[in-house]
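Shown next as structure tokens: one chain only, the form predicted alone.
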């Protein structure tokens, strides 16, 4: 029997992966926060995937972190700020040859998780797939994208990529996953905070081209300095392309703020500014953007870490 996929985090991406893996007939286990959430989930009879307007429910078995079943393959789909503590609860259940697939936004959480479970293989993922929840245990597949996976310390691809093929999850094994992660971080830093501060959809940033261009210049400088020149190539053009292509969308950070949720600022803008300081790089507009965003979050009573 093939190795079960344990999915930690029933947010949009976690649910999207779990339902497609289950649809392909692969063994999946959903890990929920506690006994109350487990009861809520069992009352819903499974996870629902809405695709092309059609809803299908999959009876994926669920468990709490305290379950006794060993974990050999863990998809960590929680928010970046929850990843470390969530994995810490599951660490005693990980097998000696466990593999973790980390689906977090930004940078910083991946290293923290890897340091916590040194015996496990940690694989980073960068996804452009669009999905949102329109109810508890339900996900709407909003935009077909792509997922790059890679392991900077061990470039050989794992055999379970066949499972992703079977589940029709578009993916590619990347030998330069850090470049992918840095590129996505730069894109997020150039777009997400501005959509929050200007209270607009992504397309609204077309009215703020000067500000976007200035940020892209500083972010490209940062990428060059921290040894990621490939991630800096044509950064501004790509940011402008993403703004145009996703003009009607609200950024994930905008949605977090609109729903009074904690943002991932520490793993996006915060991480970029921290690395700039470490390299003694003066990036005034990036630093000012962080200060404006922190002030805005505080004014709304939201955490800024």
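Positions refer to the first chain, counted from 1. A quick note: this is a predicted structure, and the numbers were derived from the prediction, not measured.
Below, we refer to the form predicted together with a small molecule, which is not included among the displayed structures.
Note on the partner interface in the predicted bound form: the residue among 138, 93, 73, 184 having a heavy atom within 4.5 angstroms of the small molecule is 184. Proximity to the small molecule in the predicted bound form, defined as a heavy atom within 4.5 Å, singles out one entry of 114, 123, 220, 191, which is 191. With a 4.5 Å cutoff on heavy atoms, residue 242 counts as touching the small molecule in the predicted bound form. Taking non-hydrogen atoms only, residue 202 approaches the small molecule to within 4.5 angstroms in the predicted bound form.
The small molecule in the predicted bound form is not approached by residue 266, whose heavy atoms all lie more than 4.5 angstroms from it. The small molecule is not drawn, but in the predicted bound form it has no heavy atom within 4.5 Å of residue 48. From the list 51 to 59, 38 to 46, 245 to 253, 273 to 281, the contact stretch for the small molecule in the predicted bound form under a 4.5 Å heavy atom rule is 245 to 253.
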